[in-house]
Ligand SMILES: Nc1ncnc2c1ncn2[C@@H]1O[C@H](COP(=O)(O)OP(=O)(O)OP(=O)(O)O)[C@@H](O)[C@H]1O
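This document starts with one chain, in the form predicted on its own, laid out as structure tokens.
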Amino acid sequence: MKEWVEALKEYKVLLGEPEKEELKRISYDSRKAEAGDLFLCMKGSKLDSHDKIPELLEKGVRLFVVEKELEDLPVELGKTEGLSVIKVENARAALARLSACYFHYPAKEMLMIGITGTKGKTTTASMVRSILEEAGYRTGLIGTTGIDYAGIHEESRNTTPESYTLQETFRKMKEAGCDAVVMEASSQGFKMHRTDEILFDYGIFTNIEEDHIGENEHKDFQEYKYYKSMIFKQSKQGLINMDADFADEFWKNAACPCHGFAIEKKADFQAKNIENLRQDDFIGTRFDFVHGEEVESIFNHLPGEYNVYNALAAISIASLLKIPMDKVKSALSKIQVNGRMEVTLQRNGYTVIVDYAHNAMGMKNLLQTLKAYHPKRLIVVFGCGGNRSKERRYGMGEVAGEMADFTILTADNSRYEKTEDIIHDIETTLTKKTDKYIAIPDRREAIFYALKHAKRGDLIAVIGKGHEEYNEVNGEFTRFVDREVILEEAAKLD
């Protein structure tokens, strides 16, 4: 029997002798399928690729994995010779199993660290990767900002890519010399079986709040929480933020040994004596990392308490891996995460930060964090995406009105709406709280205005786009990176 058939574990042969067929290539997109491929048919929310079988047969595909019985499949199957068809209960799970087999189980050849949570995944992953690389690990990174390894960057549509892409990426990382992978493991990744066949050496849980609930996501919070907890069924060891909501529940139900980290509660790893630090060339935090009798003073080059949690998770993993503390300190003292509380410019006594905050909750958390640094003025530059819920605009307008000393309203992926109309919606709640704002629809001009009028002691937050590298208007994408524009406009002032 062929190895790939055994990898399916549970299956039913409907036609032919698949056990004798070679696995030459895997396809699950009918547009890209070729003769000789094994094609997996899936029932999606909008498309059922079982319906594509007739055109796949015309392309020369003769090996299928399906989710339906023979009588429920297109009649063309019964009229075509030389077919092999296998039925499985879940084609997405089958795709993960076949992909891991096809690429020869690359995840087993590297140190695997998975991170899940509502907030903090991207920053924590970047911190863990930075520490690992400082310690000599050649490390790949997979997450919201894309795929990075060995100087290569690839874009990704999903925080956790499809299982085939994951396994293919692991193999490419290994062949490029990587011996470790740090990846964000989303709840959708677990639900859609993208992470199947991965056993993490360490699984990290950062926190959980109500999010990603709705059509094509999770039906309710209970389901969302369940899939977050799946990381501890796929890890050798777990690491849990014990200050997070439902942490005790996650700990109790974990299927692997776990360690805890916390600021407030007692845990294996703790952060104490937290200080916010701001100088002309530094903004961040200092805290004591406490593990048993060990106490180390840590400088984190990312501001805010929630970044202390992210750093604490990363240091805890480093401690479990017995990475020397001087390597940890060096990595965290210079960490930068694209679009996540990213200190982009410090000059003339003011600081400019880029952040991905793009809803009221994220914006409130960000502005609360920045206020703790007691800026002379807290200035926020933001807009809202077009063709999205107007509630986001109203919420962000209200938060800006309550918390910012001055607001500059501008564009942010207006899509098929007029930027001026979006700004008007934001103004309906903003103006109930303040009159200290200006509207400048052109985002570049808005950033220049903020820099030109900045004063010593100001903190300027340019938010909403974060790591994004484009601006979307009427279906057209043009390059626009907040970080780059800030530096370009600052150069004009020089």
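Values in this document were obtained by computation on a predicted structure and should not be read as measured data. So that there is no doubt, residue numbering starts at 1 and follows the sequence shown.
The discussion below concerns the form predicted together with the named molecule, not included here.
Colleague: So in the predicted bound form, does any heavy atom of Lys119 sit within 4.5 Å of the named molecule?
Modeller: Lys119: yes, in contact with the named molecule in the predicted bound form.
Colleague: Quick one: is Gly362 in contact with the named molecule in the predicted bound form, heavy atoms, 4.5 Å cut-off?
Modeller: Flag for Gly362 set to yes.
Colleague: Considering only heavy atoms, tell me if Arg97 and the named molecule come within 4.5 Å of each other in the predicted bound form.
Modeller: Answer no; every heavy atom of Arg97 is more than 4.5 Å from the named molecule in the predicted bound form.
Colleague: For Thr139, is any heavy atom within 4.5 Å of the named molecule in the predicted bound form, or not?
Modeller: Contact check for Thr139: no, nothing within 4.5 Å of the named molecule in the predicted bound form.
Colleague: Indicate whether the candidate residues Phe205, Lys225 and Lys265 are all in contact with the named molecule in the predicted bound form, with contact defined as any heavy atom within 4.5 Å.
Modeller: Looking in the predicted bound form, the three residues Phe205, Lys225 and Lys265 all stay beyond 4.5 Å of the named molecule (heavy atoms).
Colleague: Name the residue from Leu239, Ala357, Val352, Ala411 that puts a heavy atom within 4.5 Å of the named molecule in the predicted bound form.
Modeller: The option sitting close enough to the partner is Ala357.
Colleague: Which is the contacting stretch out of 265-273, 248-256, 397-405, 121-129, given heavy atoms within 4.5 Å of the named molecule in the predicted bound form?
Modeller: Checking each option against the 4.5 Å cut-off leaves 121-129.
Colleague: Can you tell me which residues in 125-147 come within 4.5 angstroms of the named molecule in the predicted bound form, by heavy atoms?
Modeller: The one in contact is Thr144.
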